[in-house]
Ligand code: PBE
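Form predicted alone, single chain, as structure tokens, below.
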């Protein structure tokens, strides 16, 4: 038997019906402000579906783990892409409909929509994470100047957010990245401090198609090019990204989310990559809902 959280009690439903009748509303539509029948549980209101992203993403593995740990036996995790997830979120949000998505910070959706993370008392998603830069073994010897730049790369969520929102608003990726670089010459100077320019040395950076990583890799591409590198960006899923760095087909990535999101890959390829440092702190993953939804914890999903 499903234990269902009532969005409103039967008494509230009766009062709502009376209120509608008093206002002359006889269309029979007793829907709440979130666009769902007020007698439905949260699970029923979203058809027991969590809208996810790419099946190989670490956040999807973490969500499968959360479903198991919280015993959400009736729930399904729907795979897709980051773009499909945000499109579904926007569609639901515009109509104040209920929706539950896999979410991470930094992401432009938190600037565009009023959202909240569901509490995770069991710690299925871990605490705050870090985005780290990793490189293939031997990069320091082969491309020492690039190795130093990548090791010195660090920026804030606000920095990344500026680039992400500009891209989301229609700016071309390289233009948004260049505009940020032009406005933050002091930070770029810290990344390139003590580095000598090269003459066309080739370097390949692999990254996942998350808006956050699109922003960081386009910025780094321009920084490296300004230092004389011939840069190739390769967009792949998380598994192939880690594999590429481990087998040397990619030189580095700025998109290693640890210690939770990419834990499986870090353990699988231990000893086959070099960690160059943390490029962003205080990042987070979890389940995200619009603020207008009457739910606060993952535990509530099984009621």
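Residue numbers count along the first chain shown, from 1. Note that the structure is a prediction, hence the values are computed from the model and not measured.
The form predicted in complex with 1,1-dimethyl-prolinium (PBE) exists for this protein as well; it is not shown, and the discussion that follows is about that form.
None of 42-50, 55-63, 269-277, 244-252 except one has non-hydrogen atoms within 4.5 angstroms of 1,1-dimethyl-prolinium (PBE) in the model of the complex; the exception is 55-63. Screening 210, 180, 191, 108 for any heavy atom within 4.5 Å of 1,1-dimethyl-prolinium (PBE) in the model of the complex leaves a single hit, 210. When 1,1-dimethyl-prolinium (PBE) is considered in the model of the complex, only one residue from 104, 125, 229, 153 comes within 4.5 Å through any heavy atom, namely 104. At least one heavy atom of residue 285 is located within 4.5 Å of 1,1-dimethyl-prolinium (PBE) in the model of the complex. Annotation for 254-275: interface residues with 1,1-dimethyl-prolinium (PBE) in the model of the complex are 257, 261, 262 [heavy atom within 4.5 Å].
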